[in-house]
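Next comes just one chain, in structure tokens: the form predicted on its own.
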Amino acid sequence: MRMGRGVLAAALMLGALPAAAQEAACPAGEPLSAEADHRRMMDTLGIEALRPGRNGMDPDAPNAANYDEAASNPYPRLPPLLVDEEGEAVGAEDWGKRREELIALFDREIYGRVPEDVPPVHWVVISEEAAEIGGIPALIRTYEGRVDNSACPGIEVTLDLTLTLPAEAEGPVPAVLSLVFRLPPGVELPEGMRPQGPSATERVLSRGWAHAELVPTSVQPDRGDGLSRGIIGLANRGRPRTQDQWGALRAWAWGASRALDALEAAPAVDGDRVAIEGLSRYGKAVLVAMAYDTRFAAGFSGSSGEGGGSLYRRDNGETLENLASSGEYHWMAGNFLRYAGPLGWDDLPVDAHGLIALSAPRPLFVGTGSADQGDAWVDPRGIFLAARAASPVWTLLGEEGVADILYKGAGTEDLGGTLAFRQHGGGHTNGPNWEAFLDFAERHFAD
């Protein structure tokens, strides 16, 4: 029996396809390897070869990472933020239109477009228990975000979210949503990334706030051979991405928005005062989430590096070419690969200062560790320069950005505005910046 397109679409929505038709609509089989899918995307774009990324492990390699500031393109010429696509100066009343232009560029060239028909998420509380954390009575609530997979039953996506509430709070409280790494049993973080002192949950609870933790890899696997699975694979019904569709960073940001849906529905949480926090690749995802979802009241992005807060137009630590490699391309839209092949960084219509600016005028705390303590790969200076270059947008909208101060390495900070920068003296961790961020957020939440 042949099905017309309308009948097929209706059957997919209802999950009522016969088994054979369902298999055709959502093909099974082994996913492509990251290398094979990377090559497929290059072929789609007509790219024969990409420039190699930097080697951050071997200082004697021919493509060893550069940490010499003089050779880093220290004074890059950045695309203007406050000039629109018609070449007109942007005033405060025009920022909404300019913001849409920037979002469209990031959609197409950097992070990828989210399909219009992404399946909905149904949140379920699967456990609740009382606890004492850092001497504070607490309630730990575990959620599952079950994504509707009736159109493709072979792909299951279940978002992993935990919410820890101060048990004795009176009325709804602010919350911090952290994007967290969930390590397999027996695996430990490298020493420089291990938490020092109180945990993030203890610190947040001590302010009388709630702390939520989302595991982004429950939304989308962090690997190229996972693109036919997770929310990207489910939305595509198991098929490979097109060149302008979303990568993992945009998918993780989408997952953060769905977690915010759950937090807004929790009576104990003040949904208008939810901040989002993350480190490293999840620091990148924080900036993407802030850019695309203005419901987040504040952001704390730590050591986000290339693809996050560090300028693409610099050759220091990780570079644009690393992001386009088969090990990291899955974070980005396929179109991004062009900038490591036939095109270069100066062809990018946007840069990281534009991503940071999309948080304006909301409070955003941008942090890094110290280069000599293990955080050189993320180019802390490049992150500082991007924050400073984004600051005029906060000024335009009546807020205060990062002051026009000189970068001095570890200890550089400006916490006085609504856009803040702080480089702590430790390594690749948010730990030493947590208290400074909570003071910053508390000040703005009280306004």
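Start at 1 and count along the sequence shown; that's the residue number. The structure displayed is predicted, hence computed values, not measured ones.
Unshown form predicted together with a small molecule; subsequent notes refer to it.
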{"property": "Interface membership of residue 296, the small molecule in the predicted complex, 4.5 Å heavy atom rule", "result": "no"}
{"property": "Interface membership of residue 318, the small molecule in the predicted complex, 4.5 Å heavy atom rule", "result": "yes"}
{"property": "Proximity of residue 209 to the small molecule in the predicted complex, heavy atoms at 4.5 Å", "result": "no"}
{"property": "The small molecule contact at residue 328 in the predicted complex, heavy atom, 4.5 Å", "result": "yes"}
{"property": "Residue stretch of 144 to 152, 273 to 281, 118 to 126, 171 to 179 approaching the small molecule in the predicted complex, non-hydrogen atom distance within 4.5 Å", "result": "273 to 281"}
{"property": "Single option in 377, 292, 345, 106 placed near the small molecule in the predicted complex, where near means a heavy atom within 4.5 Å", "result": "377"}
